[in-house]
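Next up: just one chain, as structure tokens, the form predicted alone.
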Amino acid sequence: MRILVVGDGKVGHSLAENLAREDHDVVIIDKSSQVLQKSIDMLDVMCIKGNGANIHTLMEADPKNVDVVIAATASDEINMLCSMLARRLGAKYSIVRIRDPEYNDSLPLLQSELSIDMTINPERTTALEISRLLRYPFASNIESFAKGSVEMVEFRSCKKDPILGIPLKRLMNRKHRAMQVLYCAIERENEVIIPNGDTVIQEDDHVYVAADMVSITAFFKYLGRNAFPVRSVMLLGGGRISYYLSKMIIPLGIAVTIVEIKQDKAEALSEALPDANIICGDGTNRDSLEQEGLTKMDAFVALSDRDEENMIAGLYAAKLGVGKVIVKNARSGYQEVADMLKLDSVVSPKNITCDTILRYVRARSNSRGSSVEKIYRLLSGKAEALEFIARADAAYIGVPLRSLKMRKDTLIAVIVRNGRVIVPFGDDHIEAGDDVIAIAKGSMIVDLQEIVQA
């Protein structure tokens, strides 16, 4: 597919990198020669200097042959105008990043009038992920599949866990509710393991498990991890993520305190969020955090614009004994630092945005097959969880899983059939219309038949 990316910032560059790796023909437009030079040096893409909302610049990208245009500049208005012009010039589909809360209520009309096929709001999507982590504090990261019926949860194993040192084939048990989860992926010393029956979990592993939420909750109760609910949370930074998150969790009965250093932003938040406690102060000052009641909070979420400050503040909150600590991190290079500091719940708006857009592009590129319904990158992108809808004419339909030939380093994690969640064993099979969640190391997979063959 020919894909036009307008805006070569963090999101645009990451998207171009992933799309080029998947053998798409990628064109990037940006006004900065310096920024484009980085992509020219590092990526196999075509770069055009100019304004993506300028018709002459767009014509250089040959819009009539563009399958998908992705508008991801820093300006919502430029993104919308770029999408409209590109579609009028012949581009087939458009994806637009729109971040300003002011546009929320008018999005359906804007999409219809401006021929936008998909919009994405990174801050709102990030806030949604954080809200799930606050509702289920036993998880390091959590993602839902099959319209919310399946949860995939990451946790770090610790010395007291009763599952350590036991082969997974002995842990799997249909009759024991706490054991009705599938172990999807393990990261150990920066190596990703797609587990089999002989795999043994060790202390300090990053482990992903999947099942319905009842089984997940029972599993973590068995581990002794679901000790407390979150009733109060302190947010560091009063940006858009804090605004969206507060709107989501205050109705759930969670008391919200936001610490924002800028007076004007603090005043605006006070008007927009009358039920939140807004404090104008330096949230990176440890004494200030304690004075504002950090030690009494059930959770702390660091959402400032500086990743370094988020990590330091998160580490300090964990040291004070705050039960749940979540840190925003925009730089992939800092993920290893977060792991070393044992900051388990790290969210990245850039990764969330890229995952969502990549899923859409993969679905478009394989529209006649069992295309990817959802994609979630695990363990810093070293593995992927993919959701497919099984096709009636596929050769694997009705064949027991033990009789299928599986691609190396892949795993069928969960099957959802008519709303019923099945953690599959060798005798289980896939039926037409099933939601199938698969795990793959590395991946770049677009069709379920790439994973299972009869």
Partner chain sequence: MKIKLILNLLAKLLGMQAISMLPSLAVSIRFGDGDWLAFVQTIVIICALAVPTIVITRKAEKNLGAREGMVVVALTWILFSFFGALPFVLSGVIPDLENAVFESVSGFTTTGASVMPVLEGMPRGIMFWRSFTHWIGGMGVLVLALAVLPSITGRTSHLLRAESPGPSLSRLVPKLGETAKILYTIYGALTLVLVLLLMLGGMNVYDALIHAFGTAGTGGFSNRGLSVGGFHSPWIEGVITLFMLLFGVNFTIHYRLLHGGWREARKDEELRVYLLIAFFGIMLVTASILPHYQGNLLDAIRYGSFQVSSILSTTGYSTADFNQWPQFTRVLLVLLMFIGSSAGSTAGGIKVTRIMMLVKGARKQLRQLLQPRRVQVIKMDGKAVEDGMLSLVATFFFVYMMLLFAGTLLISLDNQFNLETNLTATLSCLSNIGPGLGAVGPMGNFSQYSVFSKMVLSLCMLAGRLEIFPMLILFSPSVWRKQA
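Owing to the predicted nature of the structure, the values given are computational and were not obtained by experimental measurement. Positions refer to the first chain, counted from 1.
Omitted here: the form predicted in complex with the partner chain. The next part is about that form.
Original post:
Heavy atoms within 4.5 Å of the partner chain in the predicted bound form: which stretch among 401 to 409, 387 to 395, 423 to 431, 29 to 37?
Top reply: The contacting stretch is 29 to 37.
**OP:** Answer yes if any heavy atom of Ile55 is within 4.5 Å of a heavy atom of the partner chain in the predicted bound form; otherwise answer no.
**Re:** No.
Original post:
Looking at the partner-bound form in the predicted bound form, is Lys49 within 4.5 Å of the partner chain by any heavy atom?
Top reply: Yes, Lys49 is a contact residue.
Original post:
Do Lys10 and the partner chain come within 4.5 Å of each other in the predicted bound form, heavy atoms counted?
Top reply: No, no contact at 4.5 Å.
Original post:
Heavy atoms within 4.5 Å of the partner chain in the predicted bound form: does Asp44 have any?
Top reply: So Asp44 counts as contacting the partner chain.
Original post:
Which residues, if any, of 55 to 80 lie within 4.5 Å of the partner chain in the predicted bound form when only heavy atoms count?
Top reply: The stretch touches the partner through Glu60 alone.
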